[in-house]
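Just the one chain here, laid out as structure tokens, in the form predicted alone.
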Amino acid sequence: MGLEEEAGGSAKILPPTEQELSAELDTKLQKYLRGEGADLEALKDKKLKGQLFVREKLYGNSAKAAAKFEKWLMPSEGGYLEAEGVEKTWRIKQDQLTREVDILSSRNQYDIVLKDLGPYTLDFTPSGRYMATAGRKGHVAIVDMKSMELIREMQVKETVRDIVFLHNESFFAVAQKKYPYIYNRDGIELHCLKEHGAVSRLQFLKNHFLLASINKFGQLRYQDVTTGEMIGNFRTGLGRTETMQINPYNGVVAVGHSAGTVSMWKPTSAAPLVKMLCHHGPISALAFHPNGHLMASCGREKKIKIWDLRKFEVVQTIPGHHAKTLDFSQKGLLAAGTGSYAQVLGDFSGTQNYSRYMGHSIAKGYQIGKVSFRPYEDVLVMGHSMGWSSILIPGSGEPNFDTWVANPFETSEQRREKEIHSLLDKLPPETIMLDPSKIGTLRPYKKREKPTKEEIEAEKEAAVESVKDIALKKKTKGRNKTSKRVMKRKVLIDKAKKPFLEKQMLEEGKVAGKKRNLGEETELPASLKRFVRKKAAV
């Protein structure tokens, strides 16, 4: 049977398949509509009615286009583990998942053991195609995660504290013993950033092409990697620092300090934008939700706190976790690494209430130093003291990717074109702020209210009273007479009144000048005097 529609007296019958597609598109359409439309029948102004009609038609067409785009170009849907009966998802082991998933997914479960080179830290490109990993003993490697091929491996022969990709996989920065270094994909050293000194953490702002670094004493630096200019160099002054993260929503850098404070910075301000007392002990880990409105922090008192950055309030406290590292996935799952155990928390109710979702124990004695979700894949990679390990976390990655944003299958030509476009679209450091929606708006005009006479008199009396209370310095005999003290007091009172009197005289002079200008007759040139209206004779 089909669906019958009446339009202008004619009936149109849709086949069952098209009927199902139409119903599915209608469901998706409701997600993109902008609320209820305007009541055009109640309007009497024809011009306004026509403008609103065109606007509502535009909104409807854009919602239909978005629904069709989601239907045909975003076919994949993310899924989570679902337990039946008394089962718990966090009791499901990786061995059980291996038997249920396909061959390609099972390849993402592995352990790389390098006993003498750890502990390891790691970083992914925005597309999730490449991974950079670095061991504390100087081992650095770039891995293609699709083909599991080693692109480049080298030994820098000194301590390595952190590694981060720059705008693409062609360049990466390594925080070594004395200075950070920038290398290309072939392992060739390009730059030595001596101005940064010995840093402990590195982060890269991809929209602004800024490399941010911080040392253990809290010295924060920003450097533009396109021009080499040092944009900012600030001393936080809030104690020892062990963690630093970037908010993906606004580009603000958050730094965790040893006193339990989290400070947020931008490169154009020497003072922090926000200072939050998050914990009663040192901050051990920070992470930001992809939407930028939630922040997870962990302190030495074994508590994870979820913060709403729109109100700067705690929305949830999760006790019993001494996490050394935290990370949010693209779909909002939170991974916490504690000792040799990694736990994944999920908010499945949408009420910012995180609960246990999955867990995984690596070999006893291995200490997890870094956890990171791989973009666009249901994979969690853990860097630990003996190498790194990869496990499956169903529902963690975004199932559909946008090739304009991140393309895991891009060619060298596409990478080159994207690099040029990203350089042309580079944002200046001034655009980094807590509320980026203010960019492009006008500051509201505030009319200065003129104070009344009573307010001016009250302000003048307050200034005189404050002068009267000043204690005069006692001087030698003959210079401390009562008459001289009275004169000195009078001089101080006159000095306090002087600015008010000068302002009053200036305003009176302006008013008198306006009256004088209005009273004077303007002298006209001789050619125009014949047009002047003559005064009537008395």
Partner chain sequence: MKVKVISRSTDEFTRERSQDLQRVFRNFDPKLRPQEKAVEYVRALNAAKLEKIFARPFIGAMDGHIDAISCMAKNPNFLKGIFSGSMDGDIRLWDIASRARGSLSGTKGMTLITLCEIHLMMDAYFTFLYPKLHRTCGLSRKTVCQFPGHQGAVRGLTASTDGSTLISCGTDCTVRIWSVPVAATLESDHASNKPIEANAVYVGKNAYWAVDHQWGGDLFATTGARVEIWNHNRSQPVNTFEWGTDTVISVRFNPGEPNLLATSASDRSIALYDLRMSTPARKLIMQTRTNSIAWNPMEPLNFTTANEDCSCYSYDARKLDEAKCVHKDHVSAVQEIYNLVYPYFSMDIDYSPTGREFVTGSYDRTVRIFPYNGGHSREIYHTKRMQRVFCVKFSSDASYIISGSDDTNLRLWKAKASEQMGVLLPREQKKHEYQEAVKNRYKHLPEVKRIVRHRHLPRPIYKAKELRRMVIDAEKKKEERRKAHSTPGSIVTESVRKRRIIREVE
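Small disclaimer: the values here were computed from a predicted structure and weren't measured. Positions refer to the first chain, counted from 1.
What follows is about the form predicted in complex with the partner chain, which we do not show.
Enquirer: Verify the flagged residues V113, T133 and Y341 against the partner chain in the predicted bound form: is each one within 4.5 Å by a non-hydrogen atom?
Expert: No.
Enquirer: Just one of 388-396, 222-230, 306-314, 183-191 has residues with a heavy atom within 4.5 Å of the partner chain in the predicted bound form, so point it out.
Expert: Every other range fails; the passing one is 388-396.
Enquirer: Within 4.5 Å, heavy atoms only, which of V405, A271, L150, A458 is in contact with the partner chain in the predicted bound form?
Expert: Only one listed residue qualifies here, and that residue is V405.
Enquirer: Which residue, G383, G251, G346, G299, is the contact with the partner chain in the predicted bound form, using a 4.5 Å heavy atom cutoff?
Expert: Partner contact (heavy atom, 4.5 Å) among the options: G251.
Enquirer: Can you tell me if Y179 lies within 4.5 angstroms of the partner chain in the predicted bound form, counting non-hydrogen atoms only?
Expert: Y179: no contact with the partner chain in the predicted bound form.
Enquirer: So in the predicted bound form, does any heavy atom of D327 sit within 4.5 Å of the partner chain?
Expert: It does not: once the partner chain is placed as it appears in the predicted bound form, D327 has no heavy atom within 4.5 Å of it.
Enquirer: Looking at the partner-bound form in the predicted bound form, is A259 within 4.5 Å of the partner chain by any heavy atom?
Expert: No, A259 stays farther than 4.5 Å from the partner chain in the predicted bound form.
Enquirer: Do G440 and the partner chain come within 4.5 Å of each other in the predicted bound form, heavy atoms counted?
Expert: Judged by the heavy-atom cut-off of 4.5 Å, G440 is in contact with the partner chain in the predicted bound form.
Enquirer: Relative to the partner chain in the predicted bound form, which residues of 145-159 have a heavy atom no more than 4.5 Å away?
Expert: Contacts from 145-159: just K146.
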